[in-house]
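What follows is one chain in structure tokens, specifically the form predicted on its own.
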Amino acid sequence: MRANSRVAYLYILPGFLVFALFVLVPLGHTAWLSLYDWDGITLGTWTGLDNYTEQLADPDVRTAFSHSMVFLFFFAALPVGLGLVLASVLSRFRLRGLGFFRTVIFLPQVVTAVVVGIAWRWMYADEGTINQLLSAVGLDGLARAWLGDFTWALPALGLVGTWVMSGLCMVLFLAGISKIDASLYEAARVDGAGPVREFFAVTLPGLKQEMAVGLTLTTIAALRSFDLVYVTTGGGPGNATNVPGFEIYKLAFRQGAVGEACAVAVMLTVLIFTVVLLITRLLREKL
């Protein structure tokens, strides 16, 4: 038994070495740099945990993390909910052109975030598609420069995240539904269950693992978001769409505060690990 364990460890050793070289070592180096006051060029000065206390007291950093919590709703909660509904409908009814619908909904996943950002920046512009559609249905009063509005810029960006992540969730759940034993649905129908009861009694418990994967992927995407914000709003207007990823970029490359940027990066990493761990535990206990 012990010999088998050693052989198993030898099999995973090459993969672990690559993981350690490209993930664990840079992560440890980032944590080490976060303890220094360093501009990225000259010699750094040891500051201990001062970078962390300063960044935790900085209102801009706190605002950036609060925006990430808003993104969790748009990037994770909404896509998982929409994905469940879409997967249930598409798997229950034999629609004509089903493959086409799946491809269209999944399409945002294969487009780079930069292209997505540029496309939605045009759509949200003064003369963009969104305002033209509002004008066409007589809702001119709602038209605005969405990404330049202090109130609506963050939800507008969040909806882009919903659009991108919903296709991924739908494909995950469709794959999960295909593995559920058809006899469970037949038994539920014999007991008089309708579509809604079937969903809660059979489909939802059967998608436990897929939901854990979907929530994990979408949560990480929400918390580490940077490219979409960089391309569309640059964190503006003001600080309205700033997120931790963009704050790290500003500190490191615009202000030359590499130590402070590393401190925010470490805090973001800890937050991501904590949230993902909570999601995994909650799903394991509740479903």
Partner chain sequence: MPLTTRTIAGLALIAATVTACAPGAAPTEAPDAGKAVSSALPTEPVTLTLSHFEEGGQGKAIEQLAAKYQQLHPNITIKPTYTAFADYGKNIKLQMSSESAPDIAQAGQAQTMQGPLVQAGLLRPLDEYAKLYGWSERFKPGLLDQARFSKDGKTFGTGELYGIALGGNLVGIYYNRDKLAKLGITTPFKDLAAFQDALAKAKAAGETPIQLGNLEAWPGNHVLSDLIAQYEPLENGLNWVYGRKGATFDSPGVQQATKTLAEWAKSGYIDSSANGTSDSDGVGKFIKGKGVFMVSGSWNRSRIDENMDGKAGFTAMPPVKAGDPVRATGATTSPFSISAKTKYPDVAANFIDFMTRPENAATLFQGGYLPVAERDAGKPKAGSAQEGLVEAWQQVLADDGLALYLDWATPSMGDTLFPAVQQLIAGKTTPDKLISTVQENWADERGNG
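The model shown is predicted, which means the values in this text are computed figures rather than measured ones. Positions refer to the first chain, counted from 1.
Another form exists, predicted together with its partner chain; not displayed. Remarks below refer to it.
*Asks:* Contact between R62 and its partner chain in the model of the complex at 4.5 Å, heavy atoms?
*Replies:* Answer no; every heavy atom of R62 is more than 4.5 Å from its partner chain in the model of the complex.
*Asks:* So, L35 and its partner chain: in the model of the complex, are they within 4.5 Å at any heavy atom pair?
*Replies:* Taking the distances in the model of the complex, the answer for L35 is yes, it comes within 4.5 Å of its partner chain.
*Asks:* With the partner left out of view, is L49 within 4.5 angstroms of its partner chain in the model of the complex by any non-hydrogen atom?
*Replies:* L49: no contact with its partner chain in the model of the complex.
*Asks:* I'd like to check something about G148: if you look in the model of the complex, is any of its heavy atoms closer than or equal to 4.5 Å to a heavy atom of its partner chain?
*Replies:* Yes, contact at 4.5 Å.
*Asks:* Check for me: heavy atom within 4.5 Å of its partner chain in the model of the complex, for each of L43, T233 and G236, yes or no.
*Replies:* Each of the three qualifies.
*Asks:* Out of the stretches listed (191-199, 78-86, 207-215, 120-128), which one is close to its partner chain in the model of the complex, meaning heavy atoms within 4.5 Å?
*Replies:* That would be 120-128.
*Asks:* Sequence order please: the residues of 236-269 with a heavy atom within 4.5 Å of its partner chain in the model of the complex.
*Replies:* Sequence-ordered list: G236, P237, G238, N239, Y249, K250, F253, R254, Q255, G256.
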